[in-house]
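Only one chain is shown below, in structure tokens, and it's the form predicted on its own.
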């Protein structure tokens, strides 16, 4: 809709203005890594981050979320959406949020997710420091970058802020930002194009070819080989920006008449994920870790492609970095399958 220019020395003032309107969640340093957290001081803002430990989906879909409280047969919703700005989201995570929006909106809409999502303003930012395991430059490239309200791009002498929704325009309407020049806008476009080109890891296969080959390998023994070092810890699930499975549990009070219901993230790599109760015991329909490992890659490369318009993977590289056994990297696994 509109393009604005923010000088380098004006970035903190811009963030401070946003903080005066509502809470701002943005990338901050956490030891040697980065996380999305509410800004307490504009000096904490780090738009030069490589990637965050957990994806920004946690703002709308927390790792643990209270759903309702109950007492003597009466239930009260815990839903309490708070308006906030989610600042500094990389393009691959914007695509992941867009995918999650669709997954939580289709069929039976998830009101707990959507309520938090609808009151948030998302301001993306370009990748200044590529994560060493990232491959976003060669996956989901046909997927349109949508779902954000504005986008910040660092150029040589400042930032170009592209505002793309009415929600974004409303947020910055009274900040007195200068219009970006045609030269600044052109430079920003070049910066974002180069970010994809400079992505450190390449996946040299078309999504359709990968989907077909992975599906056809369903009964292959290659999954036993690829998963032999898997600890079934589920780390790859928990750091993934497009995983959306959860487990619902009830927590009872001491009187056994009151308590709360909550949900927490769950992942298909853990051995308990596919365990269900049956008469007289339980049954695990993916008892073998190779079956669980295979299921993850089927979901990411084949099962959801038609629904999402792309693989359910945006190339962030978090799973590769989080895996202790170093077997979760989609690039390595897909390459091994494609070449088998």
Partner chain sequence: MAKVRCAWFDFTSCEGCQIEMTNFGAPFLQLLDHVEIVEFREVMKETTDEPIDIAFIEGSFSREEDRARLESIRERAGVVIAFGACAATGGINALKNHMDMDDYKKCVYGDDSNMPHLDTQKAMPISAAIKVDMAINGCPMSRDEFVRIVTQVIHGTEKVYVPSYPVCVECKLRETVCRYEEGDHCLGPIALAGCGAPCPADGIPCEACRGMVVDANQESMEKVLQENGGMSEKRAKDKSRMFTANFRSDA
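Numbering follows the first chain given and starts at 1. Predicted model, so just to flag it, every value in this text is computed and none were measured.
Absent from the display: the form predicted together with its partner chain. The rest refers to it.
- prompt: Just one stretch in 242 to 250, 163 to 171, 190 to 198, 141 to 149 has heavy atoms within 4.5 Å of its partner chain in the model of the complex, so which one is it?
  reply: Contact criterion met by 242 to 250 only.
query: Which pick from 233, 155, 214, 120 sits with a heavy atom within 4.5 Å of its partner chain in the model of the complex?
result: Only one option qualifies, and that one is 233.
- prompt: Each of 27, 39 and 80 near its partner chain in the model of the complex, meaning some heavy atom within 4.5 Å?
  reply: Per the other structure, none of 27, 39 and 80 touch its partner chain.
message: I'd like to check something about residue 22: if you look in the model of the complex, is any of its heavy atoms closer than or equal to 4.5 Å to a heavy atom of its partner chain?
response: Output for residue 22 is no: heavy atoms all beyond 4.5 Å of its partner chain.
message: So in the model of the complex, is its partner chain close enough to residue 255 to count as touching (4.5 Å, heavy atoms)?
response: The answer is yes: residue 255 has a heavy atom within 4.5 Å of its partner chain.
- prompt: Is residue 265 close enough to touch its partner chain in the model of the complex, meaning at least one heavy atom pair within 4.5 Å?
  reply: Residue-level check for residue 265: yes, a contact with its partner chain.
query: Looking at the partner-bound form in the model of the complex, is residue 202 within 4.5 Å of its partner chain by any heavy atom?
result: Output for residue 202 is no: heavy atoms all beyond 4.5 Å of its partner chain.
- prompt: Which residues within 304 to 332 place at least one heavy atom within 4.5 Å of its partner chain in the model of the complex?
  reply: Going through 304 to 332 in order - heavy atoms within 4.5 Å of its partner chain in the model of the complex - the hits are 321, 322, 324, 325.
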